[in-house]
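Consider the single chain below, provided in structure tokens and representing the form predicted alone.
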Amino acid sequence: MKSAKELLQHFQKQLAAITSLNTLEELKIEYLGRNGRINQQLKNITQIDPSERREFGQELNTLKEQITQEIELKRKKLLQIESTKQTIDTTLPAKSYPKGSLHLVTYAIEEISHIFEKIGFIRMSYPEVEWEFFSFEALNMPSDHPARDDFETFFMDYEPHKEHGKMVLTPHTSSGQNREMRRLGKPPIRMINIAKTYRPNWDASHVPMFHQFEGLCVDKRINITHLKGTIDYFAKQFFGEERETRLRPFHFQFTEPSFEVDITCDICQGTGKVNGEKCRLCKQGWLELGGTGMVHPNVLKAGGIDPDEYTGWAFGFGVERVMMMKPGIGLNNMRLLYDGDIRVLEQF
């Protein structure tokens, strides 16, 4: 049997010659493994005089601890050596990663906001989940109005409010009109409200969730010429000088007089036909952007504003429709925006 001192000297000689982590692991097994040198010495302890066994066992335990420590120190040195060998060539070209982009609707919202900022409108944001009062009563819409039917509005399965009625997914950004009037308390008011809205419609020019932007202007001596001028300004800024808009008489509960705003279709260039067939999107050369009109006196009263002293106008346009009519987009089906097809978004 070799003494603990002799085993240590032999181990250290072997350790000094180690140059790789693999051979270091082999050396560790040779000395500290189940059938290693240390355990072999312990198995042969019966060959030693009983009076010397205790001291011999202590020496072997000390030897085992020292070998373990020296192996770990050697491992750290070898790892440092390996890390210095891994050099980086800074002259190599960097990896090319695909670039992402914002959604088309986001681009449109940013541009719309910037256009109205130039003429003094502030951008506000109001709830997507709204009460009936703000979506209907405050907008002069009676309880039996067709828009309040569950075929036209998404109602939430939630306990009704004592004053404000049932909870709905807001069907239009017009619900922000009353909230903005209450927030400011007194004109002048120049607000642009852009938000998600919800209606159970689904076709080439409608989706159940879409974005609207609401314009509201209330002050003294505001009239239709200011409304028409603002819409023309927006159309020229967003669509270009060559595009035409028109106001078509209509009826909305919350404006009087009321109009629908149409713009010449970018898909068919206002002709109503594409390759000799009826335009799939507009079908007649004009596409509706949204509704507008002078704010109804009852809506002003609901917002705490005297209709005898102040007048105002409002409009609500669909962001997706406005964006689809922008020159160069060429999108004839609104549903493509939300199908999740990356090939559509990669074009922009």
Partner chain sequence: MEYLETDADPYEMQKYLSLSGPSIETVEKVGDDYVFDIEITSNRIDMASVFGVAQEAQAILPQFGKKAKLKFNPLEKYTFDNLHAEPVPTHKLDVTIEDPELCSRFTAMVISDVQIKPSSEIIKRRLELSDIRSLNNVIDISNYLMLSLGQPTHMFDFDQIKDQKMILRRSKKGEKMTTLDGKEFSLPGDDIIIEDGSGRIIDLCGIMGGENSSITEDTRNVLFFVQTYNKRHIRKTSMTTGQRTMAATYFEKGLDPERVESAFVYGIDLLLEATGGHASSELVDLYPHKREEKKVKVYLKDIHRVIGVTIDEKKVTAILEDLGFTVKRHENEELAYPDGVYFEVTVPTYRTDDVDIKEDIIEEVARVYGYYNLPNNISPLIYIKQPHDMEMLFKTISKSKHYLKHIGLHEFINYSMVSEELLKNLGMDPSKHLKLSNTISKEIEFMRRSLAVSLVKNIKDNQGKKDILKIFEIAKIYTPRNEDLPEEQYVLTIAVTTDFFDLKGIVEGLMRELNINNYTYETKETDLLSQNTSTAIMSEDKQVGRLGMLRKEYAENMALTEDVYIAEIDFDFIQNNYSITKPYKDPITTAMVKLDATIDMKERVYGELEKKAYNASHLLQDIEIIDRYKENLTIRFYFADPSKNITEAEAKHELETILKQI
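Residue numbers count along the first chain shown, from 1. Rigid core (definition): largest C-alpha set, two forms, superposition within 1.5 Å. Model, not experiment: these values are computed from the prediction.
Just so you know, the form predicted in complex with its partner chain exists too; it's not on screen, but the next bit is about it.
| task | Report whether the minimum heavy atom distance between residue 74 and its partner chain in the predicted bound form is within 4.5 Å. | result | No, residue 74 sits far enough from its partner chain in the predicted bound form that none of its heavy atoms falls within 4.5 Å.
| query | At the 4.5 Å heavy atom threshold, is residue 81 in contact with its partner chain in the predicted bound form? | reply | Residue 81: no, not in contact with its partner chain in the predicted bound form.
| Taking heavy atoms and a 4.5 Å cut-off, does residue 294 contact its partner chain in the predicted bound form? | Residue 294: contacts its partner chain in the predicted bound form.
| request: Would you check, heavy atoms only and a 4.5 Å threshold, whether residue 130 touches its partner chain in the predicted bound form? | output: Result yes; residue 130 sits at the interface with its partner chain in the predicted bound form.
| said: Is it true that 201, 257 and 311, all three, sit within 4.5 Å of its partner chain in the predicted bound form, judged by heavy atoms? | reply: Yes, the whole candidate spot contacts its partner chain.
| field | Position in contact with its partner chain when the complex is considered in the predicted bound form, options 247, 141, 274, 235, heavy atoms within 4.5 Å | value | Comparing distances to its partner chain in the predicted bound form, the residue within 4.5 Å is 247.
| task | Go through 174-196 residue by residue and record those having a heavy atom within 4.5 Å of its partner chain in the predicted bound form; state none if no residue qualifies. | result | Going through 174-196 in order - heavy atoms within 4.5 Å of its partner chain in the predicted bound form - the hits are 179, 183, 188, 189, 190, 196.
| query | Rigid core fitted, then: does residue 287 show a CA shift of 2 angstroms or greater between the shown form and the other one? | reply | Passes the 2 Å threshold, so yes.
| message | Aligned on the rigid core, do the two forms place the Cα of residue 137 2 Å or more apart, comparing between the shown form and the other one? | response | No; that C-alpha moves by less than 2 Å between the shown form and the other one.
| query | Superposing on the rigid core, is the CA of residue 180 displaced by 2 Å or more between the shown form and the other one? | reply | It does not, since the residue 180 C-alpha is displaced less than 2 Å between the shown form and the other one after the core fit.
| If the CA atoms of residue 106 and residue 279 move by 3 Å or more in the predicted bound form, do they move toward each other or away, so closer or farther than here? | They are farther apart; the C-alpha distance rises by 3 Å or more in the predicted bound form.
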